[in-house]
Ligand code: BGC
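Just one chain is shown here, as structure tokens, and it is the form predicted on its own.
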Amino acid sequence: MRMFGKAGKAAAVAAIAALALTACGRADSGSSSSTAGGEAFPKDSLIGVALPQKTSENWVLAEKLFNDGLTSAGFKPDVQFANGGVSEQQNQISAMVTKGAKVIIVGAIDGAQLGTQLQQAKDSGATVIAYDRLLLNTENVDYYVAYDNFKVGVLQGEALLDGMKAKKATGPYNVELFAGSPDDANAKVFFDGAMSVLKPKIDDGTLKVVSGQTSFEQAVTQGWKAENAQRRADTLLTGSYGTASLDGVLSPNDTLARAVLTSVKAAGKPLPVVTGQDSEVESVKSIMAGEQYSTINKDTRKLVEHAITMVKDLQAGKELEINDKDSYKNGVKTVPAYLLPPQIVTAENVKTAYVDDPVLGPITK
């Protein structure tokens, strides 16, 4: 997510903040310090990790990585999934506070619904780190660690255009837009990043959204659920593409991309260019087979590794490495952040993008 030098992007960020979804970006590098000097807490302390539902492979992998990494570092991990929803995650965070967690890492289901629990965490003296998804409308979040999610959207928008142009040199191109779940603070950021690339092409006629559904609210997929995306794709194809061709689909992640492709196949139509994110195994295989066009490589190992590095530095009373201290506004405060760079993956680089990945490396050889 990128802080925008241009006035249009700056205005977009302000609007997002006003809606308490998120506002974010990259500004000048800086640093922010934790406790100055000496150990902040014992090395064998409890570290809480509150994760959302198991809606994608990267969350499942994060569970194992946090358990293994924190244990190896000498901490006592308490890693919980909230498959039962927001109320379960609220209860899990409260329990972590009661157990005496010194740091609580939160991958929120809904970043705006944890205010009471985060207040409990801060009152207990715990440090709160937002993981992957920004925590909204609260003073009680200390740091944010994530991939640059506005950049993710930019890469998806660029990939959609590149893929369609490779199939057909000139437009106009018929496209449809899908977005993530509206309760996920990242979903609007992905969409806005993509639209910073696509909207000028919609405005000049290069792209035509045949359904007319161009807003985030029209494009959302509740819960990031594949069945919801497939149902909407079925409706769009039936209502808007009787004889028209569908050239491309903006999909914010791999799960939804595969759902859209399933719908298109069922309709008996040629496969459009479809974007994705998360480098899920089935989508990487689909890219290699020439079906899904692209994904985004956001190596969960690196993200978890940096989150654990933050815990280690907090424990030791060291300064935390921060590369964005000015621009991640959660509606109440600016949260110091560390951003990792995402990577676009298509058939052109799929065999080199995952050479160090223990799961995807063997698949893509």
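Just so it is clear, the structure is predicted and the values come from calculations on it, not from any experiment. Throughout, we count residues from 1 along the sequence that is shown.
Quick note: we don't show the form predicted in complex with the named molecule, though the next part is all about it.
- Contact check for R133: a heavy atom falls within 4.5 Å of the named molecule in the predicted complex.
- In the predicted complex, the named molecule sits beyond 4.5 Å of every heavy atom of S294.
- Within this chain, T221 is remote from the site of the named molecule in the predicted complex, having no heavy atom within 4.5 Å.
- Interface membership of N186, defined by any non-hydrogen atom within 4.5 Å of the named molecule in the predicted complex, is confirmed.
- From the list 273-281, 67-75, 203-211, 161-169, the contact stretch for the named molecule in the predicted complex under a 4.5 Å heavy atom rule is 273-281.
- Residue-level contacts in the predicted complex: of S45, T334, S56, N323, one residue has a heavy atom within 4.5 Å of the named molecule, and it is S56.
- Candidate site formed by F190, N253 and K298: every one of these residues places a non-hydrogen atom within 4.5 angstroms of the named molecule in the predicted complex.
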